[in-house]
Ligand SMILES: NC(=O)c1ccc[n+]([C@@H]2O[C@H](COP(=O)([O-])OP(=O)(O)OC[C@H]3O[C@@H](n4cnc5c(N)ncnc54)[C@H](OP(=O)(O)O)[C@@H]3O)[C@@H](O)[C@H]2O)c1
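Take a look at this one chain, the form predicted alone, written out in structure tokens.
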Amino acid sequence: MSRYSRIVLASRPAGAPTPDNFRLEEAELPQPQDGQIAAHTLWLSLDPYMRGRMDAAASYADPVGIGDTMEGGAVGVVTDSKSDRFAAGDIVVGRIGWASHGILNADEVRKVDPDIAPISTALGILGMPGHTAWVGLNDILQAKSGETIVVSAATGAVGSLVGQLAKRKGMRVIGVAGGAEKCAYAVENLGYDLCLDHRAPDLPGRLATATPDGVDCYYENVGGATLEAVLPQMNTFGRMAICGMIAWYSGQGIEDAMRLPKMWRAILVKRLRVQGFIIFDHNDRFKPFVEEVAPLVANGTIHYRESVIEGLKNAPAAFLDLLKGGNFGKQLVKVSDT
């Protein structure tokens, strides 16, 4: 066995997570068994859903156990293989977690082609976030040319692709993001028609002015004040895809949130279709997503941005910053140069 580094869940957060909820430690890495591979982590993905895995509450996936490696997707290089599907040196993406090395079942890993795009994109624009954006826009919202869509977290790993794909469909695309820099990027680089800073005063009023013909589709990544601003502008028979609700993940803002009867009435009166979705229910749609988006990334038509922090030990700080909206684009940890 060899030693490797990992970050474990040291304790469950009470409210917003803190650095004390994590612990960096060393452990023994076993040898891969038949049908398994050993991988050395190159890139680690940090995503908002990981906040939910820190709690013990029932959800769509099991929580991370106290003392267990924090869960997460990563790109790594195969160092040992007991599967005829992979060889040492292959670049793969799988759920290694917050660790420098991992043992993975070969049927839960896929190869990454470094000739298409930088391998880090397998965790972002060409990975789970990109797949989520594509499914939400096409399958959940069934977005159409000529419609108006609002995208929250407009410059994030998911929202940035939603906006670009929506624009390619011929939609009017309104983004909501935190700060003038992100809003400028949404318009100038991603092609949004308009982006509203949710930190500026009177978001509901500004959104109403920006959508005189109402909103047909809302791609929900945030919840909170953004949802409250969008809901009154939704058109009759509008559609809402619920991808995330980061504004409420740690309990903040819940007491001040719109009351359920008011929200429920808006859904009823406007006959809205509101659908939550989890991307692993749509694995059959990964191939058509890649077939459409990968060439657009390769030729520079689709833009993406990555926030990179170096060193596994810095993953907790980067994750806490992500939950506060401190990232710009897809948040990654560069674990190794090897």
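This is a predicted model, so every value here is computed, not measured. Position 1 is the first residue in the sequence shown; the rest follow in order.
What comes next is about the form predicted together with the ligand, which does not appear here.
Only one of the listed residues (A106, A229, I246, I103) places a non-hydrogen atom within 4.5 angstroms of the ligand in the predicted complex, and that residue is I246.
Using a 4.5 Å heavy atom cutoff, A153, H198 and L322 all lie near the ligand in the predicted complex. Stretch-level contact check against the ligand in the predicted complex with heavy atoms at 4.5 Å: of 261 to 269, 209 to 217, 111 to 119, 153 to 161, the positive one is 153 to 161.
Residue contact with the ligand in the predicted complex: A143 places no heavy atom within 4.5 Å of it. The shortest heavy atom separation between I125 and the ligand in the predicted complex exceeds 4.5 Å. Although the partner is absent here, P13 is not a contact residue: none of its heavy atoms lies within 4.5 angstroms of the ligand in the predicted complex. The ligand in the predicted complex comes within 4.5 Å of no heavy atom belonging to T148.
If you take 28 to 54 and check each residue for a heavy atom within 4.5 Å of the ligand in the predicted complex, you get D47, P48, Y49, in sequence order.
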